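Taking the form predicted alone, here's one chain by itself in C-alpha cells.
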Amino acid sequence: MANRIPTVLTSDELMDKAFHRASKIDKTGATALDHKKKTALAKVTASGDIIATTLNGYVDRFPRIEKGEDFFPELVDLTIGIDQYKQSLGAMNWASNRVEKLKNECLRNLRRTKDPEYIESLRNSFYGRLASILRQISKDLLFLQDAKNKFRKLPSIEPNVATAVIAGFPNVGKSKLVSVLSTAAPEIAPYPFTTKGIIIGHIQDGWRKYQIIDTPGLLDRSLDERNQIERQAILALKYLTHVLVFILDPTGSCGYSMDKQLALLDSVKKGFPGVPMIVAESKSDISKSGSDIFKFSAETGENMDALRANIISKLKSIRFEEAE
C-alpha cells in the first residue's frame, strides 16, 4: 500500500517546484506584447497545473479509509488518526479546486488585457495567491508526509485470511513455534507498541493458506496492566484473531511461574471473549508437567503434527462459518 503513495512535498517544496518549471518558460510572439502575454499564459498554466495535479495525486493515491470495526481501520486510527487523515486529504482537495479556479480566472484576465504592466501584475498576483493557498495547507502536507511513513511501517497482514495468533509470556517458545509451523521463513514486521515487531508465518494446507502470528509486547502482560493506547492496539489485533494459541512453559526456563502464566491466560481469555482458543505446554523435551494440558516440543517435533492439525482444524471451521 505504501508503495503507491507518492512522496509528499512541503508547501515550500511544492511552490519551488512550480516556480522552477514556470521560470524556464519563454514563448515566442509576433510582437513584444504578444510574447509577454503568451509567456505569462504559459507560466500561469504550468505553475497552476503542477500544484493542482500534485495535490490531486495525493487525494487519489492515499488509501480510502473509513472508521469501522475491523483490523486495518482500527490500526490506522490508532497510529495515524482517521479523522485528521480525512481532514488533511479534504484540505488537498479544497486547495486543488481553489488553484484551478484562480488559474482559470487569471488566464481569462490575461487574455483580455493589452496592458504589459497589468500582465506582469496579474502573474505576480497569481503566484502570491498560490503561495497563500499552500501556506494554508502546510500543516496538512506535513501530516500526510508523516502518515505515508507510518503506512510504510504497518505490518503486511492479510485481514481476509484466517489467522491464528500466538500468546504467552516471553521465552515460552512462541517464536520457535511460528517458525516450525510456517512453510517458509517467517517475516518480521513492525507493529505499533511492540519493541521487536510481530512475526508473521503461513501454514499451507493443500490450496488453503492460513496466517500464524506472534506478537511480542502485546499479549505478554495482563490487560489491566496496560495503558489505553496499548489496549487499543490489542483491540485492533482482536479483529484479526480467528484462533488464539496460548503457550505455557512448565519448565520455568522462561522466568515466569506457572501461577503467573495461568493468570495471564485468564486475562487473555477475558480480552478475547468468544475467540476459539488452544492451550498447550511447550518444551516437552525438557520437562513435562502432570497436567492434562496438551504438550509439544517445537525443538524435537514431538506432537507438532497433532498441534498443527488442531490449529488448521479450528481455522478451517472459521473459514467455513464465514463462507456460509
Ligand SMILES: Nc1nc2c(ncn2[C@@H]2O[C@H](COP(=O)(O)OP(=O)(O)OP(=O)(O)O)[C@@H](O)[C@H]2O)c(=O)[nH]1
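Predicted model, so just to flag it, every value in this text is computed and none were measured. Throughout, we count residues from 1 along the sequence that is shown.
This next part talks about the form predicted together with the ligand, which is not shown.
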Item checked: Interface stretch in the model of the complex with the ligand - options 61-69, 44-52, 260-268, 285-293, non-hydrogen atom within 4.5 Å -> 285-293
Checklist line | Selected contact from 176, 238, 129, 150, since only one has a non-hydrogen atom within 4.5 angstroms of the ligand in the model of the complex | finding: 176
Item checked: Residue (of 93, 121, 171, 136) lying close to the ligand in the model of the complex, criterion heavy atoms within 4.5 Å -> 171
Check: Does the ligand get within 4.5 angstroms of any non-hydrogen atom of residue 196 in the model of the complex?
Finding: yes
Check: With the partner left out of view, is residue 56 within 4.5 angstroms of the ligand in the model of the complex by any non-hydrogen atom?
Finding: no
Note to self: Taking the ligand as it sits in the model of the complex, is residue 40 in contact with it (heavy atom to heavy atom, 4.5 Å or less)?
What the structure shows: no
Notebook entry, point to check: Any chance residue 34 has a heavy atom within 4.5 Å of the ligand in the model of the complex?
Noted result: no
Item checked: Residues of stretch 291-313 in contact with the ligand in the model of the complex (4.5 Å, non-hydrogen atom) -> 297, 298, 299
